[in-house]
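In the form predicted on its own, a lone chain appears below as structure tokens.
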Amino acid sequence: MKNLEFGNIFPTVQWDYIHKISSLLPSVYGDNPKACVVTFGCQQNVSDSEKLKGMLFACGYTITEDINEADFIIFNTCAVRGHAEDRVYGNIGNVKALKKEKPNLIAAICGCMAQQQSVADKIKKSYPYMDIVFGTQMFHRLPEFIYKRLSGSKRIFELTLDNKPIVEEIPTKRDRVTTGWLPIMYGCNNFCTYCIVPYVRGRERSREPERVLAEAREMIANGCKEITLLGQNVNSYGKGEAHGVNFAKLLRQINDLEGDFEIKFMTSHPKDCSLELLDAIRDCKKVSRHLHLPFQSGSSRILKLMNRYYDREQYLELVREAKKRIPDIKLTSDVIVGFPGETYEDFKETLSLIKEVEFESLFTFIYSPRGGTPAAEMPDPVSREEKGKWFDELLELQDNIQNKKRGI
């Protein structure tokens, strides 16, 4: 097994830092040092935070949800929408007062938002009391960063995004026992024009199937009854890997594990949702009959501008196949309203697609520009007020569909 700094096993050097920290903490904070992990964003971030908590617990910290009593605070951040970033800045702004009360308090920020150089530069200049800043592929080095800061190191900024092998066996402290997140891959190769994820998470990297299965067995043995597989695009799992296991095959392998549990997954990209995958969902008794399949827009013209790799009819044909092969399938989706260049005629195509599919539920968003993405540079003549009216129209339609399904 590899134990190199960037090998595929949690590095020995990080365990050395953990042991050094556990010896050092009592002299700095007393007998019960506490750490608080504040998480913003998606399920992947929640899963990442469970690893942060695991490493902090191994270091000797007690995990607390009260930021005011913490001796170490870390913000695990999201960059998908501007609102999430605004909330982060509001939270780290409060750290200044906390540091006046606790001079030895260490504050860190990590994750997707922190991965952006512009954000790191802003924190370096405007938030001098933030001690540690690191990106999405440096999580396993948290013990090193803490030890160096405790030992008097200067502020630490580490944004390396090198797409090296996934580091496995990071200590993990799960938030729940009966339900759990199981990452199967990281990163994204799709480069949708509105999305910052490939720039902050890096390219697609899949875990070895043996690693995934081993973690699933451990979760089941510990009493987990609902396992949710995670990835920026789970349908891309295994692409280009020598092991030859794609997502459909992985589902079948997990389904064959002994135990009473349910398998869920998110998120699926329509371009990679194969008939083989639909058949696996149909055949596997432990796999939930739920498919979250974001379509984003019902207009083929807008889908092309979004760089989604499918058009309206291809999406609808996939939905028809899903309903034919799995009659009890529950479909949910994501929709963006008011993408740059979208007209009301384009928007009406989104409404008509929703009417045809009749989704169980929708996650709906008014387009929010993300700096560094192609869409942020596109002409966007429709006002926010007008987009809001379209948004309300979509919500009303979806409410009517859901009421119809409930017999209201």
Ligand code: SAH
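Remember, it's a predicted structure, so these values are computed and weren't measured experimentally. Residue numbers here begin at 1 and follow the sequence given.
FYI, the form predicted in complex with S-adenosyl-L-homocysteine (SAH) isn't displayed, but the following is about it.
For the options Thr179, Thr332, Asn255, Thr267, the residue carrying a heavy atom within 4.5 angstroms of S-adenosyl-L-homocysteine (SAH) in the predicted complex is Thr267.
Listed residues Gln296, Asn235, Gln115, Ser299 were compared with S-adenosyl-L-homocysteine (SAH) in the predicted complex; Gln296 is the one with a heavy atom within 4.5 Å.
The three marked residues, Tyr194, Arg308 and Tyr367, each reach S-adenosyl-L-homocysteine (SAH) in the predicted complex, with a heavy atom inside 4.5 Å.
Residue heavy atoms within 4.5 Å of S-adenosyl-L-homocysteine (SAH) in the predicted complex occur in exactly one stretch of 332-340, 154-162, 221-229, 140-148, and that stretch is 332-340. With a 4.5 Å cutoff on heavy atoms, Leu291 does not count as touching S-adenosyl-L-homocysteine (SAH) in the predicted complex; it lies far away.
Not displayed here, S-adenosyl-L-homocysteine (SAH) is approached by Val80 to within 4.5 Å at the level of heavy atoms in the predicted complex.
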